[in-house]
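Starting off, we have a lone chain in the form predicted alone, written out as structure tokens.
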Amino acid sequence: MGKLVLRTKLCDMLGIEYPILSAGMGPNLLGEETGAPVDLVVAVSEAGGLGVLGASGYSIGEMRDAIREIKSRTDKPFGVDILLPKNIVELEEGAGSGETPLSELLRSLPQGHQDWIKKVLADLDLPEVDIMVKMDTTTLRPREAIKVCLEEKVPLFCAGLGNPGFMVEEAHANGIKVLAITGNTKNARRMAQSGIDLLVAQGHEAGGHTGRIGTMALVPACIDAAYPVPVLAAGGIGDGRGLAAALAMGCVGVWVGTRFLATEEAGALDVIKKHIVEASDEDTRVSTMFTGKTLRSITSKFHTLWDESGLEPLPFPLQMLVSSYLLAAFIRANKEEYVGAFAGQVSGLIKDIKPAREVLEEMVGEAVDILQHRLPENVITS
């Protein structure tokens, strides 16, 4: 049998074979890999999709090195994803350089949060962690990160959070296409009007930062609101059925996170991959515990601790100092029941860890079969 063909407008726009992008899943604030390192980006792009480097958590230099490594390992298109929070200027002006002990940064937090961290450490007999935090990460210095992406002429710039409209003109001047992600139609309309090339409509089911509207309701509404900007679907998509459904709704492709997180090339810890494979469709929840923004992850005992604390989340990215410190302590103490991956409800469909190429090829094969054979047989027309 010859090679399967599944092409949409997205393939022509980005120069790829299949309309599948891996979501940008980057290191955490401490620089520890949690999702999409170079290996996964290269694997997805080489398989015919488009791999996206999750650069959140990388230092500016590390991101540039990762971009250049990707270029050295594949001549296929790829993307880079960074976070652009609303307080982008304040973050940049407040960021230092070099590294700072996390314990020192914690002392700048409200006393209630400091006391709670100490209580958790004592109650669970956790080790204190001595971790250095990079102060020149892409999250803390987003404008510098954007400058690097422009200089390196990455094929696709992705804003995992926030509206990248302010840099579209300069991106286009450097031959770079720009993608944004939304969880509601208000932002879909605003982002489309800012000149972006592609929009991801991400439903409530999705892992990581997510909104309040389910994918099936969100996607058609965003297609209408963003027209004529092409839309990709995200949230609850982990196999060919989800891909076929997205195409049927009028999307040009899909943005897939959790399924690619559970692959051999993904940089997540083994315990995180294990939790995804073992999870049911009811084993995730949304909380502000990790970053201060609504974020879906595998449910863990960490959620219970946070719920019982009575504390309000700190603004992004300060809340990440709290969660990163405790997660590091949980991991070092081998308390796996307190470690939850950023993952979507589609975890319930994932039963194994396999190569990214295999995930992509199976997704394409199933979608083609549905569109060519199963759908026509199941639909009655006059």
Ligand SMILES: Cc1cc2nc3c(=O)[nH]c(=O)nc-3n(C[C@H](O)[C@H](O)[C@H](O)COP(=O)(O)O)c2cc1C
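Residue positions are given as counts along the sequence shown, with the first one as 1. This one's a predicted model, so the numbers in the text were calculated from it and none came from an experiment.
Although it is not shown, the form predicted together with the ligand is what the next lines describe.
S.K.: Using heavy atoms only and a 4.5 Å cut-off, determine which of G160, P230, G183, P164 is in contact with the ligand in the predicted bound form.
M.R.: Residue within 4.5 Å of the partner: G160.
S.K.: Check each of I67, V346, V42, L327 and return the one that places a heavy atom within 4.5 angstroms of the ligand in the predicted bound form.
M.R.: Partner contact (heavy atom, 4.5 Å) among the options: V346.
S.K.: With the ligand left out here, work out from 140-148, 258-266, 280-288, 185-193 which stretch has heavy atoms within 4.5 Å of it in the predicted bound form.
M.R.: Going by heavy atoms within 4.5 Å, the stretch is 258-266.
S.K.: Are any of the heavy atoms in C222 no more than 4.5 Å from a heavy atom of the ligand in the predicted bound form?
M.R.: Residue-level check for C222: no, no contact with the ligand.
S.K.: With heavy atoms only and a cut-off of 4.5 Å, decide whether G242 touches the ligand in the predicted bound form.
M.R.: Close contact is absent here: in the predicted bound form, G242 is far from the ligand, nothing within 4.5 Å, heavy atoms only.
S.K.: Look up in the predicted bound form whether L83 has a non-hydrogen atom within 4.5 angstroms of the ligand, and give yes or no.
M.R.: Yes, L83 lies within 4.5 Å of the ligand in the predicted bound form.
S.K.: Is there a heavy atom of I20 no more than 4.5 Å from a heavy atom of the ligand in the predicted bound form?
M.R.: Looking in the predicted bound form, residue contacts with the ligand do not include I20, since no heavy atom lies within 4.5 Å.
S.K.: Scan 207-225 and write down, in order along the chain, each residue with a heavy atom lying within 4.5 Å of the ligand in the predicted bound form.
M.R.: Going through 207-225 in order - heavy atoms within 4.5 Å of the ligand in the predicted bound form - the hits are G207, G208.
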